[in-house]
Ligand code: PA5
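Shown next as structure tokens: one chain only, the form predicted alone.
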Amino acid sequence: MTAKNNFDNDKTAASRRITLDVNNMFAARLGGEYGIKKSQVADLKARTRELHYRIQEQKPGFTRLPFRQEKVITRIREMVEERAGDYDNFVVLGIGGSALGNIALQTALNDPYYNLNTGVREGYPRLFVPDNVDPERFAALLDFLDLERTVFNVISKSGSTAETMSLYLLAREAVAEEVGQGRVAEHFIATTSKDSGYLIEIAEREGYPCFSIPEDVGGRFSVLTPVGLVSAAFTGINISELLAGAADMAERCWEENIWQNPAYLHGALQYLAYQEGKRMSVMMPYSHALKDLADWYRQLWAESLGKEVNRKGERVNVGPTPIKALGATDQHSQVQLYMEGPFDKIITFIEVENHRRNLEMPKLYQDLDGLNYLGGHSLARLLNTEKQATERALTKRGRANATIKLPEVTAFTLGQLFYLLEMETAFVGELFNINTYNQPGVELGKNYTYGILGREGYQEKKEEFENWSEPDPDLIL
């Protein structure tokens, strides 16, 4: 089987690069009261240089992913080839960073009705990513699937993630009942830590094939590891092009000069705007294919930058609130607030220059002046015009916005976009002087769950929960 979404390799890298336009963040466009001055960015230049070298010294694991996975890519491709035709369904059992990237890749790079259309799948399996422990939803999925024709990829670095492992236990029991204990291993893949954790122990015991998550890459930064690459390859996405795009953006993002580094410049503008009270970061793609990319970004931004203390242990309670929107859908649900509500938001548009398919509207009802202007225009032009009109209207009202433009949505451009947003997040974390890569708030909630459900070692959390003060019945209506 040959991966879909191949890009014309004769095209130059420059013509395939995404661009960042931040004109509408500055006072020259927005007016002095609302916009950022170039001098403010210039004032960050020395600090940017310092943080640039700090990031280089830290060597965050995600920064090396585009360059160190040749053997991983080969092994993934070999498995896809070996199992070609064996499965109708590929199910990802993971949550948060172990699911959102998979969903974003699928929505962006495969047909909008991929699961429903055998023709566009070209023999590749359907993809399902439950990403929750809602009992009705998962029970319905197990009822629907032909388990003899299904493979489950269980993704958890620790192997103790309650949501993921609960679904695994249910899926394993259902598969065993359907195909017999002796064939269970044919229907599971484990993506986990290489050397430790419960899932690697289970995989070795059961004989599941394994892919490793690098220890220095956290879940929300893991889309370009086997966490995202395995399901992408199984559904025909060109994972080499995905990593090539990330490598191309990495070169641009290792530029020390803030005016030449898109991740640093956009990150610095978001940081400066935050200091001025713009504490909500809206991502608004004008492409349905990228709607789940905004969902992935929401976790990346929130979990990385929402922190109680800085590196000095000082209480700071920082973090921009990420919001996802979709053009043109949310012009009719959210833009009224963005346009006339408080000046507390930055909008980052994502625009696609060339859509993969297009439709031209017929010239009907020429006698109706409120309708006849549409005839002869394409839906792609209408969508992009609506983005440009919204951008202009927001700018006229003094609302800060920027645009990331993709020449088209391909594995190469998506790889660039993932890397750009990850590096921007890392840089903003340095500006805030916080630990970008931990999530102590998430861990606390997990620990209460473990204690309440009786996991060994968490008795203290169970007792604390049980001794919580009784609620005031007058406040329950």
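Throughout, we count residues from 1 along the sequence that is shown. Keep in mind it's a predicted model, so treat the numbers as computed, not measured.
The form predicted together with the ligand exists for this protein as well; it is not shown, and the discussion that follows is about that form.
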Checklist entry - Are all three residues T48, R252 and E422 in contact with the ligand in the predicted complex, where contact means a non-hydrogen atom within 4.5 Å? => result no
Checklist entry - Quick one: which of 118-126, 233-241, 214-222, 138-146 gets within 4.5 Å of the ligand in the predicted complex, going by heavy atoms? => result 214-222
Checklist entry - Looking at N110, T161, S281, Q331, which has any heavy atom no more than 4.5 Å from the ligand in the predicted complex? => result T161
Item to check | Heavy atom within 4.5 Å of the ligand in the predicted complex - the one residue of Q388, Q299, N89, T321 that qualifies | outcome: Q299
Checklist entry - Hey, in the predicted complex, is I76 touching the ligand, heavy atoms inside 4.5 Å? => result no
Checklist entry - Taking heavy atoms only, is R64 within 4.5 angstroms of the ligand in the predicted complex? => result no
Checklist entry - Closest heavy atom of P209 to the ligand in the predicted complex, within 4.5 Å or not? => result no
Checklist entry - Do T410 and the ligand share at least one heavy atom pair within 4.5 Å in the predicted complex? => result no
Item to check | Contacts with the ligand in the predicted complex - residues in 86-103 whose heavy atoms fall within 4.5 Å | outcome: I95, G96, G97, S98
